[in-house]
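Taking the form predicted on its own, here's one chain by itself in C-alpha cells.
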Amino acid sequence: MSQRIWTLFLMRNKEFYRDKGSLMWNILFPFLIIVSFNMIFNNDQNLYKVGVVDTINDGTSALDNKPVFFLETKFIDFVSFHSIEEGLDKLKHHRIDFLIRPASKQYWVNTPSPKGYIVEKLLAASFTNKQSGFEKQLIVGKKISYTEWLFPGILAMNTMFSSLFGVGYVIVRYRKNGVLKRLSMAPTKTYEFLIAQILSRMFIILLSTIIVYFGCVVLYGFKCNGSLLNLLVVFSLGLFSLISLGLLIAARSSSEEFAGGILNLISLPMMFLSEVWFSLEGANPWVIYVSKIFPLAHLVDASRKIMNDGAGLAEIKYHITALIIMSFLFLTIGSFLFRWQKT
C-alpha cells in the first residue's frame, strides 16, 4: 500500500512541476501583493475605525459625552470597548485606527498607522473654544506595521487558492478526462488516492510558502515573534483542512465550469470574511459568527498571533481545535461522497 501511495504522490508532483506557469504564479503572486501593499497601503481603506472606551465609573456611556463634533464626524466607524486594555490590543494589531476615552480626555494612536495620524488631526480640528484638548498617551509594547499585520493573511490566502483549486479543480478534470476511471481499475483504494492527493498538495504548497516567507523576510525584514515550528504546525493544519474542503467539493462533480463556480463561490467570501485584507472590528455580530465557519479565518488569526504576538500553541488551541474538527468533517464527508466515474 505504501508503495502505491508513494507512486501516486510522485506522479502528482511531476504533473505540477511540468506546469511552469502555475508553479511560478504560486510563488510570484504573494510577492506581488506584498510589494504592492508595501508601496500603497496608505490608501487601502476609505473608512476609519475609532475605538471608544465607553464605560465610565457611573455606568453611563462615554459616547454621550464630548467631543460632540468629533463623535459626529462622517466616514468614521466608532467601535465601543469596555476596557482600555481591550481597545489597546485592537489598536496595536490595526483592527482599529485610533482609541479615545472621552471621560478622561485621553487618546491613543498607533504611530506607524497613517490613518491613525489623520484621525488624530480630525480630533484636534474638532475642538471648540469651550473644549479643552485631549492628552495623547503612549502605547506600551511593540507596535506592528500594517504590512506585518497583512503578511500572515497573504500567505494564508495563497494557500487557500492553491489548496482549493489545486485539488478540487484537478480531481474534476481527472474525472472528466477518464483518468479516475482508469485509476479505479488499478489496485488502488479510494482512501489511498485521497491520501496521496492531500500529501502531494501539502508538500507543494508548504514548500512554495516557505520560499515566499523567507523571501519576504530577506526583502522586508519581517520577523516571526513566535516559534517557526508552531507556525509550520498551524499552516499544516490549515492546509489539511482547506485541501479536504477542496476534495469535498470535487467528490462527485465532472463539470469543470460547475466546480470552478462553486470554488469561487466559497473562496471569495472566505477571503473577505477572514480578515485577510482588513479587520471586521465593528461589523455586525452575525458577520463575525459567519466568518468562524471558514478554515481560512482560523488559519489567518492563529498565524497572526504566532508571528505578531509570539503566541504558543496553547494560546491558539481554539483555532487548532476548529481546524482539526473541520478537517475531519470535510474529509469524512468527501470520502463518503467520492466517486471514481461520472454519475
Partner chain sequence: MKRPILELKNIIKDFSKVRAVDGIDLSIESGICFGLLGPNGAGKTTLFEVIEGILTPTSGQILYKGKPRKRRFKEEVGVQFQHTEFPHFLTVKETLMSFRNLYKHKADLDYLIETCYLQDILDRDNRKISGGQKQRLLLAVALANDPDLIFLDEPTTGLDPQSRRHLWEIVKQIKSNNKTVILTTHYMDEAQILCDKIAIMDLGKFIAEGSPKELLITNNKTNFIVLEGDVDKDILVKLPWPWKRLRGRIEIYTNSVNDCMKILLEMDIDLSRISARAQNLEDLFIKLTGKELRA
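Owing to the predicted nature of the structure, the values given are computational and were not obtained by experimental measurement. Numbering follows the first chain given and starts at 1.
Here the subject shifts to the form predicted in complex with its partner chain, a form of this protein not shown in this document.
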Check your understanding: Looking at S255, N225, S184, S80, which is the one with a non-hydrogen atom within 4.5 Å of its partner chain in the predicted bound form?
Key -> S184
Exercise for review: May I ask you to choose, among L268, L206, V179, A124, the residue with a heavy atom within 4.5 Å of its partner chain in the predicted bound form?
Suggested key: V179
Point to revise | Non-hydrogen atom within 4.5 Å of its partner chain in the predicted bound form for each of R4, M11 and E15 | key: yes
**Study point:** Among 232-240, 167-175, 246-254, 213-221, the region lying within 4.5 Å of its partner chain in the predicted bound form by heavy atom distance
**Key:** 167-175
Point to revise | in the predicted bound form, T188 touching its partner chain (heavy atom, 4.5 Å) | key: yes
